[in-house]
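The form predicted on its own is given below as one chain in C-alpha cells.
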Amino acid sequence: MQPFRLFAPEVASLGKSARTRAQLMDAAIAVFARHGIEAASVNEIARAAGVANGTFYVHFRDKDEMASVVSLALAAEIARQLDEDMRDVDCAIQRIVCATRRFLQISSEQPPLGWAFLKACQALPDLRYQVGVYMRQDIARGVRQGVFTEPVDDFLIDCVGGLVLSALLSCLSGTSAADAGPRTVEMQLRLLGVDSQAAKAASRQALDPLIG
C-alpha cells in the first residue's frame, strides 16, 4: 500500500527540515486514522515516517502539538479545495450543497484523510470551532440573502455540522447509501428553514467535476 501523502508533495522542492516535518505530518494522519489521536504514540508516528523518535521532537514539542497542527492543516487544506471549487458561487444554498457534497467526496475518496479528520473533530475542540467558522459564514450569508430563516447560533452550527460528520462516518464505514451526500444536504437545508421541495431539488443538483 502506498503511504498517504498530503503535505509532502507541497514541500518537495524545499529543504530537508521542511520535507521531514511534512513527512511526519503525513505519517501522523495515517496513524491517527487507524487508532485515533488518544491511542496514537510518538513512537508509531516516527516509525511510520521512517525517522528516529528524536527527529520527531526536533519538529514538534509533543503529540498534542502535532495533533493540533496536523488537524488544523487538514481543515485548511479541505477548505482550500472547497473554496477553489466555489470561488464563483454566491448563492448560500448552492454553497451549502457544494461544500457538504464535496467534503464528503474528498474525505471518503481519501480514507486516511477522512478518518483522521473525523477522529480529530471528536478529540479537538479547536478543530470543531474552526470547522464551525466556515459553516457559520455560509449560513449567515443565507440569512442575509433571505433563503435561510433559522437564527445563527452555536446550537444550529453543531446540528448542521453533526449531520456532515455522521454522514462521513457512514461513508467511511461503508454503511451509507449511494445518495448520502444529497440526503445529508437536504436535511441541512431543512434545518436552515428551506422548504422540503426546494431542499430536495437543490440537494440533488448536478455538480461540475472537482477543480484541481
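All figures in this text were calculated on a predicted structure; none of them were measured in a lab. Position 1 is the first residue in the sequence shown; the rest follow in order.
The discussion below concerns the form predicted in complex with the DNA, not included here.
**Q** Looking at the DNA in the predicted complex, do all three of Ala52, Thr55 and Val58 come within 4.5 Å of it through at least one heavy atom?
**A** Every listed residue reaches the DNA in the predicted complex, so yes.
**Q** Go through 164-172, 182-190, 42-50, 147-155 and give me the stretch that gets within 4.5 Å of the DNA in the predicted complex, heavy atoms only.
**A** That would be 42-50.
**Q** Under a 4.5 Å heavy atom criterion, is Lys63 part of the interface with the DNA in the predicted complex?
**A** So Lys63 counts as contacting the DNA.
**Q** Taking any heavy atom pair closer than or equal to 4.5 Å as contact, tell me whether Gln197 reaches the DNA in the predicted complex.
**A** Contact with the DNA, no.
**Q** Answer for Ser17 alone: is it within 4.5 Å of the DNA in the predicted complex, judged on heavy atom distances?
**A** Residue-level check for Ser17: yes, a contact with the DNA.
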